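Here's a solo chain for you in structure tokens, the form predicted alone.
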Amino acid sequence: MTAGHSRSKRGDFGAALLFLLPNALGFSFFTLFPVAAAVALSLFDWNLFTEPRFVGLANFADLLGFRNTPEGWAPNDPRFWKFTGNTLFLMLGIPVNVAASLGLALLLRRGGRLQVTFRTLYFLPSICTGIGIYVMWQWLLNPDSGALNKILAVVGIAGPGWLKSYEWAKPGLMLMGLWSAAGGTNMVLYLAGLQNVPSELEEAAALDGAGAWGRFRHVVWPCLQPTTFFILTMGLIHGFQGGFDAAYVMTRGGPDGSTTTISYYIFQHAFRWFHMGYAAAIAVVLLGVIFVATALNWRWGSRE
């Protein structure tokens, strides 16, 4: 009896391993191995045309270190800190995008006969090709002939320079991100979360005299906290990693580096200047930042 039970457990364990094998192989080849290779490459100086030269932690010292100058302490790589600031500034759009997605989901929760039509229209930008959207918004944000500045001129407002202005280039990219992300996957997730809000709780709150805001604050919002936690976690990860494709197509990182993000800086070092080891060091630092930010968000979200 015991021996047969043990053989059955070993058989179940072997079957489980067999089912897990494809995912484990995919994770190993496409995640674990590239990360290990990037960590190893970050310890070398290599430009693709010469033999790799081991430099230890020199790349990290050049990236994160500071030096004493007559004017005071200065970073070894001031561009990295500037582009990190650009990345964090663009991430300020995350809570706005989340709020917009939640607002659309609430509006489309009971949309009547046109519910499916409106949901499709709002979701449409998220399935369009990125290049096409970037080219379209590059035209919309053109300070001379763009539609947005022409609309502002109709109401007597002089439109800014948008992508050609150092101060307005990042807000322009954030505006595009809001348009494309508000009705996308986050809205669908919130719509799914709203389906799980118990209707009897809302009805009880209404009978107790709670208005629309009171029902949302005390009933709907607590039920949506797991969905919001997931959306914020994925938004943080994407925010640190994102920004390359839009900057590459629309601004080339300019003007004067105002839209260059960390991911775009990695691209520049790797494929424009061929500093492969230094690019790998930036990628490793970015991986560490994402890991810490996600862990802190997970700890805070779990407590909430």
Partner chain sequence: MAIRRQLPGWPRWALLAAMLGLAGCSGGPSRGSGEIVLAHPASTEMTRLYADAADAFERDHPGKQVRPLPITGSDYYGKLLVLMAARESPDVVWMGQGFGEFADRGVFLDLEDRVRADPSLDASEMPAEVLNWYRANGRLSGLPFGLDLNFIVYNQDLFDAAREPYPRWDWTLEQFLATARRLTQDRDGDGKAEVWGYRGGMEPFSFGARLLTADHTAPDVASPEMIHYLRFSLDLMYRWKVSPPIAASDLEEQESMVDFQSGRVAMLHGHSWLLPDLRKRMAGRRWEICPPPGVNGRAHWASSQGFCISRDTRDPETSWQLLRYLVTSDALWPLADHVAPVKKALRTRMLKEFGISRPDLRVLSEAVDHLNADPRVPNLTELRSRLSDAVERVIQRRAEPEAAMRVASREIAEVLARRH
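Numbering follows the first chain given and starts at 1. Quantities reported herein were computed from a predicted structural model and do not represent experimental measurements.
We do not show the form predicted together with the partner chain, though everything after this point is about it.
Residue contact with the partner chain in the model of the complex: residue 68 places no heavy atom within 4.5 Å of it. In the model of the complex, residue 142 approaches the partner chain with a heavy atom inside 4.5 Å.
Interface membership of residue 79, defined by any non-hydrogen atom within 4.5 Å of the partner chain in the model of the complex, is confirmed. Proximity of residue 165 to the partner chain in the model of the complex falls within the 4.5 Å heavy atom cutoff. Although the partner is absent from the chain shown here, none of 99, 101 and 277 has a heavy atom within 4.5 Å of the partner chain in the model of the complex.
Put simply, of 236, 43, 64, 249 only one has a heavy atom within 4.5 Å of the partner chain in the model of the complex, and it is 249. Taking the partner chain as it sits in the model of the complex, the stretch 270-288 comes within 4.5 angstroms of it through a non-hydrogen atom at 271, 272, 273, 274, 275.
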